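Starting off, we have a lone chain in the form predicted alone, written out as structure tokens.
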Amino acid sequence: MRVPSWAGELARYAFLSLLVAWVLVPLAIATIYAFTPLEVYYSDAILPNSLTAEHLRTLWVLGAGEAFVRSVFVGVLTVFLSFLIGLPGGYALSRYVFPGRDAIKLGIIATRMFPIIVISVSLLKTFFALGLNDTLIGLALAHTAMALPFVVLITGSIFGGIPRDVEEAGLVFGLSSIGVFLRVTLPLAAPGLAAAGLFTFLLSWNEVFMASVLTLTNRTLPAFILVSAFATPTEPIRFAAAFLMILPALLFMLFARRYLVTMWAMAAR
């Protein structure tokens, strides 16, 4: 028996609708209840008839503001260090053929095989010896170690999608190798690199295990929420904490859509 075409389309749209609901419904619940007054939240009302920012102010008083700033600082520093090390590595892997290149790629991927808890314990002992424990720089270095494999492989794919003829034309017109990289290659790769940088920032922003183990007084927002915000018995404050965590991700998707499409197109070449 042949299935009508409209039935297949209906099944596809129903499946896509379930996927969208699976993602958006929890986000909507966290956003709504983050601004719901206590008396309305604990009433029988399903949707609030009034909104309040009191829960966010309470989190700010508890220290979420300082934790937010620390998370931004660690994320920006992680992006800077990851690109400072990862961009040359990705470019070398995409442009040059040398002995052991495939082994290096495999080794980069293999670093993601180890559980974070094993790396965290080793890093904690090392940071104590170096005086980097409970510091934002030490946490940024740990996040850089996590982000480097991603940065090297993604930037390598981006650089690999840029034709060599363009770089050779720059050399013909008198640019040095560094000049070609700075004035030709980087501008062409900028959309993909911007998306990779935003992904790296979100990796640092959402990381909680290392932030909880390696810091005590200088905790970032995820570690602060895990230790302080979720310890409160008031559930709307927990929703407010969740809202603070998902807000940067939503802004990221809003501003990075065109960069993501460009990056995927370049990586697929």
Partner chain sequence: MGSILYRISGNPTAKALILLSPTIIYLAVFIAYPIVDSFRIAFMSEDGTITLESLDFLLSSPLSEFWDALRYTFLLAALVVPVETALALVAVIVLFKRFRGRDAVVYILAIPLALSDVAAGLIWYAMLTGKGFLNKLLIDLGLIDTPIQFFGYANKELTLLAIFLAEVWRSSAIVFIILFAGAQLINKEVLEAAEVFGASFYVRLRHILIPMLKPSLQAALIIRTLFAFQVFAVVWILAGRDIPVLAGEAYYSITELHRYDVAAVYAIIIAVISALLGLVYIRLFRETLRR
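Numbering follows the first chain given and starts at 1. Just so it is clear, the structure is predicted and the values come from calculations on it, not from any experiment. If you superpose the two forms and keep the largest set of C-alpha atoms that fall within 1.5 Å, you have the rigid core.
Omitted from view is the form predicted together with the partner chain, to which the following refers.
Exercise: Glu235 in contact with the partner chain in the model of the complex, heavy atom 4.5 Å: Glu235 belongs to the contact set for the partner chain.
Proximity of Gly75 to the partner chain in the model of the complex, heavy atoms at 4.5 Å: Residue-level check for Gly75: no, no contact with the partner chain.
Contact label in the model of the complex: Ala194 to the partner chain, heavy atom within 4.5 Å: No, Ala194 is distant from the partner.
Touches the partner chain in the model of the complex: Val152 (any heavy atom, 4.5 Å): Yes, contact at 4.5 Å.
Heavy atom within 4.5 Å of the partner chain in the model of the complex - qualifying residues of 8 to 43: Going through 8 to 43 in order - heavy atoms within 4.5 Å of the partner chain in the model of the complex - the hits are Arg12, Tyr13, Phe15, Leu16, Leu19, Val20, Trp22, Val23, Leu24, Val25, Pro26, Leu27, Ile29, Ala30, Tyr33, Val40, Tyr41, Tyr42, Ser43.
C-alpha of Leu250 moved at least 2 Å between this form and the one not shown on rigid core: No; Leu250 is a residue whose C-alpha shifts by less than 2 Å between this form and the one not shown when the cores are overlaid.
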